[in-house]
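A lone chain, given as structure tokens: the form predicted alone.
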């Protein structure tokens, strides 16, 4: 599949590394294609560098890996993505009363906000529930880590499931896009354990069933 990753921070770079060699055509959407670090990343993951809108328009699947406070303007600048599958792996995080918290979540979600910015796109919320390290490489974990997804388009979720498996995850369908209101708080559970409770970053949730 032709995949564009918009955002080349820790998460976007990790996903690119995780998808390298999986048979996909990768493109990184960046504003400055002359930056040495981005040129090195493109070589490392065997990807092309394009302007963000160019990358999104050329792709079958677009992965949004942007900081939430910059997301709205960056996403709207991608243009009309009607019919395209867009993976939202962002979380609407903000500092509230001195603590990192979800900025929204009771009556809407970040994913539903993204859908309002890209009304014709097929939004799937996923890849928001673990840290970048697990997205890049989770082969050392004793169980395949779970990754939940939410979206209103069933065919889009089937396609996204393929990518999740390529990244080493066991995909689980959480239902309609509004179920992103359940998935985004999972990021806070992971952050709490990883950064505040001393567990570290190299772990993920897994769904373990009895042997049959």
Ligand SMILES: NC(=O)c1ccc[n+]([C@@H]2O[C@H](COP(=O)([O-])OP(=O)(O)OC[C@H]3O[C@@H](n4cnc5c(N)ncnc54)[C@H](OP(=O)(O)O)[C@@H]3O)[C@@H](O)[C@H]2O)c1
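Residue numbers count along the first chain shown, from 1. Since this is a predicted model, take the numbers as computed values, not measurements.
Keep in mind that the form predicted together with this ligand is not shown, yet the notes after this line are about it.
J.: May I ask whether 70, 89 and 135 each come within 4.5 Å of this ligand in the predicted bound form, counting any non-hydrogen atom?
T.: Yes, because 70, 89 and 135 each have a heavy atom that approaches this ligand to within 4.5 Å in the predicted bound form.
J.: Can you pick the stretch from 79-87, 125-133, 138-146, 104-112 whose heavy atoms fall within 4.5 Å of this ligand in the predicted bound form?
T.: Result of the contact check: 125-133.
J.: Would you mind picking the one in 163, 62, 65, 150 that has a heavy atom within 4.5 Å of this ligand in the predicted bound form?
T.: Here the answer is residue option 65.
J.: Quick one: does residue 33 come within 4.5 Å of this ligand in the predicted bound form, counting heavy atoms only?
T.: Contact with this ligand, no.
J.: According to a 4.5 angstroms non-hydrogen atom cut-off, is residue 52 in contact with this ligand in the predicted bound form?
T.: Yes, residue 52 sits close enough to this ligand in the predicted bound form that at least one of its heavy atoms falls within 4.5 Å.
J.: Looking at the partner-bound form in the predicted bound form, is residue 201 within 4.5 Å of this ligand by any heavy atom?
T.: Flag for residue 201 set to yes.
J.: Is there any non-hydrogen atom of residue 11 lying within 4.5 Å of this ligand in the predicted bound form?
T.: Contact check for residue 11: yes, within 4.5 Å of this ligand in the predicted bound form.
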